[in-house]
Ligand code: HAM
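In structure tokens, one chain follows: the form predicted alone.
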């Protein structure tokens, strides 16, 4: 018997219904914020991702050479595709560009809890707006997207940091720009690496500079202890105008989030630097506050990426939220709904002569937006009622010789074991009333 490949999932109807529930809440939240949906091919040129992240990313990709001799890959993320699309039509797009996507991505990496080789991700991005207002909007959407599932302030927090401030701080320590990204790669591992390993990694990051790891590492650790704007302002008091101006943007961002009543979800955490090198400004990650402390979403500014991929110079910020970790947390919190993927009505046909009338009514109901199934075979009443119940239908439409002859339809409530009879000519209106208020609402 064939089975699915490691790290890939099948979705039976009930599981797909739950997946669609997640997608629906993502879509509805994004559209409330005025974001428009986009999509791109699952198969992309390999160069699109190596240009952004370097050749080292290839080991994480499902890449191959196609029949045309092109080096291609299943996309591992959506952001490079977004940058390509925007770059192609930058002159004609109204700014700011507020787009979202829900797409399947693929990464060839070791499977673990919350991480598979195939996953869906919700991405939301704002391009063409350089100020903190766009950062605030993106962070607000991230928060509200999680709140839409029933999570609240006791369930998660957004840990906010700033790569621009990090670059300015490292510059003040005498660390050249060429070493800043390697140093931030060390910072990204502060919470999960021993002191000895950190010192070795920092020494490697500072190779070719005049800085010494044993001196730099304590200063970095002191910096990440700062967890409020007043603490940052005090730490940088008397510093140059670039740092003071950046702290002014911090104040603007925090004030905007406070105006949206979201300040209780925000904590300043300078250990968050996001591993990808293309991030340039404010960065953030949403983390579960209890249990495993899982990362639920993450993002930030990537002002140089569109230009790097061949487009115009365009500021950008965005975030991604994966379905695997989110669904695990929803299950842990008992926040996933129980879906009954059942018809609204199930028509049973007691006699072959009644089938034409039944199918005419079934088609009429379906065109009216009422989900309706019917028995493919004629049969005895009890067996057909059982088939309707197995399909999950609460209401059964009965078509027998007497009903057809009298121009009526009998409706049976399988839960209350009660029946009413309605005129066929009023079928759609009466059944809509049933869906709203039960059999009593449809009685004359």
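What you see is a predicted model, and the numbers here were worked out from it, not measured in a lab. Numbering follows the first chain given and starts at 1.
FYI, the form predicted in complex with the ligand isn't displayed, but the following is about it.
- The contact residue chosen from 343, 103, 320, 315 relative to the ligand in the model of the complex is 320, the criterion being a non-hydrogen atom within 4.5 angstroms.
- Of the listed positions (164, 267, 325, 252), a single one reaches within 4.5 angstroms of the ligand by any non-hydrogen atom in the model of the complex, namely 325.
- Listed stretches are 240 to 248, 164 to 172, 198 to 206, 105 to 113; the contact stretch with the ligand in the model of the complex is 105 to 113, by a heavy atom cutoff of 4.5 Å.
- With a 4.5 Å cutoff on heavy atoms, residue 274 counts as touching the ligand in the model of the complex.
- The ligand in the model of the complex comes within 4.5 Å of no heavy atom belonging to residue 143.
- Heavy atoms of residue 77 reach within 4.5 Å of the ligand in the model of the complex, making it an interface residue.
- When contacts are judged by a 4.5 Å heavy atom cut-off, residue 156 does not count as touching the ligand in the model of the complex.
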